[in-house]
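Take a look at this single chain, the form predicted on its own, given in C-alpha cells.
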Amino acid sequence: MVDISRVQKELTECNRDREVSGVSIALHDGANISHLTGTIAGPTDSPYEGGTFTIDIRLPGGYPFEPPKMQFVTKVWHPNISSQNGAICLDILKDQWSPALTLKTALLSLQALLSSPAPDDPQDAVVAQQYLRDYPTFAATARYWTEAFAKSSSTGMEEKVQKLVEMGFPEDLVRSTLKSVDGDENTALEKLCSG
C-alpha cells in the first residue's frame, strides 16, 4: 500500500520551492493520493525553454519501494520520450529507482533529461535518428512542438473558450475540458459532444 504520509510530505516539499525548481505536483483529481499530476518548466537554453510540460504520475502499491509510473501528457519531441504516447525512457523510473529518491528528484531528472537527451538509449527511434543525423531540424521541430503543445497563450485560450461557448456549451465546462486536454480545441469539442 502507498505510504500516504510520505507522499503528503513529498508533495509539500516539492511545491515549497516550485518557483526556483520549476517543478510541482498536485493531486490529479483532488482525492486519490496515488494518482498525481506533475508539472515541469522547460529548461533554459534548450528547445523546450518557455514550455510547461504536464506529467501523469501513478504510484504503485509498493511505492516508495517501487518506482512511480510517469508519462508525459504534453506532447514533446525528444529521443527519450515517445512522441506517440509520452512514455519515458529513464533509468531511475525503472531498474535504478531507490526508495531514497522522491517524486521531486524524479521530476528534476525529467527536467534534466529535456536538457541532455540520451539518443543512444532512445524511447523514440525516429526522433533519436533525427537528433543524431540532423540536429538543426531536431531542434527546430522540438521548438515547434514546445510552442504548439507546451505553451498556452492566454489570448488563444480565451478565443477557444469563446468559440466553444458560442456553440452552446457552458463556460465552466468548456474551460475545464480545454484544461484537461491541454488546450486542444478539437479534442475538447469531441469530449464536449460525447459527454
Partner chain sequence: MGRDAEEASPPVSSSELEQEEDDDDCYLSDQEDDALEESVLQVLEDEHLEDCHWSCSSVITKESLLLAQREDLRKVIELLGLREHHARTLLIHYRWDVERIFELLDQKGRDRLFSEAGIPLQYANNAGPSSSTEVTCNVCFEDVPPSAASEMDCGHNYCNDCWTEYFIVKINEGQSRRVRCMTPKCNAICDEAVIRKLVIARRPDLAERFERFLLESYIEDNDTVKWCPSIPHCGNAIRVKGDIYCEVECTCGCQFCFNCSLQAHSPCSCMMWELWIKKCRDESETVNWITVNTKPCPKCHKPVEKNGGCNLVACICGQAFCWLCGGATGRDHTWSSISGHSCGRFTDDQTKKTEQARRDLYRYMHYHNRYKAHTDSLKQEAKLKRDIQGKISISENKESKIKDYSWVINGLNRLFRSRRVLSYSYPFAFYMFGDEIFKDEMTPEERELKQNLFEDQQQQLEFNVERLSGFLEKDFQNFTDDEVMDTMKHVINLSNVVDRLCKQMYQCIENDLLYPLRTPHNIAPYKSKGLDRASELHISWDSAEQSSKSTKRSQDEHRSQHGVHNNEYASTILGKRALELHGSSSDNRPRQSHKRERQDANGGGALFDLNVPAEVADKI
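Treat the numbers as computed from the prediction; the structure is a model and nothing was measured. Residue numbers count along the first chain shown, from 1.
There is another form of this protein, the form predicted together with the partner chain, and it is not shown here; the text below is about that form.
Residues within 4.5 angstroms of the partner chain in the model of the complex, judged by any non-hydrogen atom, belong to 61-69 and to none of the other stretches in 34-42, 61-69, 132-140, 47-55.
The candidate spot formed by Lys163, Pro170 and Glu185 lies out of contact with the partner chain in the model of the complex, as no residue has a heavy atom within 4.5 Å of it. In the model of the complex, the partner chain sits within 4.5 Å of a heavy atom belonging to Arg6.
Under a 4.5 angstroms non-hydrogen atom cutoff, the partner chain in the model of the complex has Leu101 among its neighbouring residues.
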